[in-house]
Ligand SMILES: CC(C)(COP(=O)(O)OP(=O)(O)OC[C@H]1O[C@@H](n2cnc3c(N)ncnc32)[C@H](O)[C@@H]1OP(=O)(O)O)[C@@H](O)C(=O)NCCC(=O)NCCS
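Presented below, as structure tokens, is a lone chain in the form predicted on its own.
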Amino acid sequence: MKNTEELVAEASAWWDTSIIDVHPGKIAIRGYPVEQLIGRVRFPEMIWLMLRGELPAPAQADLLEAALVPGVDHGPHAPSIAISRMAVSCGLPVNGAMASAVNVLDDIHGGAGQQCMERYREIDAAAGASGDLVAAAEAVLARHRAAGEKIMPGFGHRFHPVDPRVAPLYALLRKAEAAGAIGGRFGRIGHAVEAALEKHKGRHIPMNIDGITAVVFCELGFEPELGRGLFVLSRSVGILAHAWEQKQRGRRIMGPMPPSIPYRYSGPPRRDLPPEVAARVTND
């Protein structure tokens, strides 16, 4: 049998964490007293500190912040945004609307950035230190096509012929590389993927927001799964804004389409019940 001290020690170690140390009147995050962080550390730096354990260099924080800005919103036609608005119209409070919306940011709607980061890393490994990045991209893309994956996450866009969010982030990446803040290899991998796609498709398929933020997060050393988490943080801002806007408007029970626009029915035509079923007597 364990004695009382051993049981208390076991209970204390149950949720072991290196992130935060909280005692009455004292809070330290990664060892830093919270009162020293407040007013001195920017929110992107705080994200980095929480996820990586140390404060970032200013150039790293600047790139992370820049990558978080353009992902906040993409309009009410984005499912996560639409869900937040519909949830509010059905009576959910802001927190419920946000939870409902964030919950759909999975592999199809919200996972492209993580998937793109994984492909970039495959290409990086396939090319080696001095290999041909375009040839490595072609090989990796061909392997995924052979596995039945028809698209390269992070490239092409159903709405934007050219995604306006890409060029500004590439410019910041080039600036950071020139300053020695990043190596620039994943930016070159991104261009290699564009070249490989163009060779395969016979037309240019430009990078989209998921592809460019995947470059940024890879350059900054984040794991792919954290790349998705960072996107969720970013999109949560838009989800909150739309939920709050909808709440102010006060409209109730708004579905995905206005009632004046009918949905398409594709089932069987109207028909009568079979005689043996129609003859049944219901008991009230």
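Note that residue numbering begins at 1 and tracks the sequence as displayed. Keep in mind it's a predicted model, so treat the numbers as computed, not measured.
This protein has a second form, the form predicted in complex with the ligand, left out of what is shown; the following refers to that one.
The contact with the ligand in the predicted bound form, taken as any heavy atom within 4.5 Å, belongs to 152 out of 189, 196, 88, 152. In summary, among the residues 144, 201, 121, 174, the only one with a non-hydrogen atom within 4.5 Å of the ligand in the predicted bound form is 201. Not one of 133, 185 and 218 places a heavy atom within 4.5 Å of the ligand in the predicted bound form. Contact annotation: the ligand lies within 4.5 Å of heavy atoms from the stretch 201-209 in the predicted bound form, the single such stretch among 176-184, 201-209, 94-102, 80-88. In the predicted bound form, the ligand stays beyond 4.5 Å of every heavy atom belonging to residue 117.
Looking at residue 71, you'd find every heavy atom of it more than 4.5 angstroms from the ligand in the predicted bound form. The closest non-hydrogen atom of residue 112 lies within 4.5 Å of the ligand in the predicted bound form.
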